[in-house]
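This document starts with one chain, in the form predicted alone, laid out as structure tokens.
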């Protein structure tokens, strides 16, 4: 299959292109970035001989008739615009998370998908984490019973990205919530198989972003207060239509000591689970009248906070999408699900703005 890459920045180089390169029957034939030098560098490193480069995605879509799939790896503001255009041009689309800058834009992507008949998926690779896959299988077997309470968490003590446009509200639509919180929320909703929110109460903070350089301690380097336009931490209380509750916690900068990675806790009527301790999965319940804790063993690795495994969720994400495009399997991340994640994130921001709950119809 022939692929086009639109957006050749950090996420393209750190996640998508290296793992696409591992697929034997994939050719990256066109690259686009508004900074043409980045597209040229990507083409030289990952492209087939003679790969074309563009600075305008519209030219790529118009000229590259042979391309099967497009990977949209741009700042959030352009996700829906480029994805819809690519779908209408007859291409399957892998769009990096979050799905769109807001729910209205996400709906436009769904409409374009429906009109085109092509495949659309979103880059929530944590669904491919070995422990998440294990929990999903257990949930489908009924191990947990009805899951009625959950926590979704990514809490960085300090982890503010100072490169690119991460702190630009116009380009990104938000900060830690749409960058890392979205992963945690997506993971938990998928494990619960619950996509019907009733109402949301949210709190959004711009507190540590105001700190002077000597008090920042950011491992990526100091941020500039005047350029930090988005939130540094955000929290949501989400009630689903069936009465289940999800608590979402996210931060780039927060004075706490736990929660660096994507974490989850599920509480069901028959059992529960979490990965709050060193990222290790624990399943708890009662058997034969006694409480138990099980700790499944995984040869983990392939993502930033694990070491020693041959299974890389980022590579598996690419393979699943590729196989689905060839009719060899199903998508793991359905865009309808990702749109609900975006809708809930929207509601957290809106709840902060109005100072109260946001209800869904």
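Numbering follows the first chain given and starts at 1. The shown structure was predicted, so the numbers you read here are calculated from the model rather than taken from an experiment.
Keep in mind that the form predicted in complex with a small molecule is not shown, yet the notes after this line are about it.
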property	result
38, 74 and 79 each touching the small molecule in the model of the complex (heavy atom, 4.5 Å)	yes
Partner-contacting position among 190, 166, 223, 264 - heavy atom within 4.5 Å of the small molecule in the model of the complex	166
4.5 Å heavy atom contact, residue 70 and the small molecule in the model of the complex	no
4.5 Å heavy atom contact, residue 202 to the small molecule in the model of the complex	no
In the model of the complex, residue 250 touching the small molecule (heavy atom, 4.5 Å)	no
Any non-hydrogen atom of residue 98 within 4.5 angstroms of the small molecule in the model of the complex	yes
Candidate stretches 122-130, 145-153, 227-235, 194-202 - the one whose heavy atoms come within 4.5 Å of the small molecule in the model of the complex	122-130
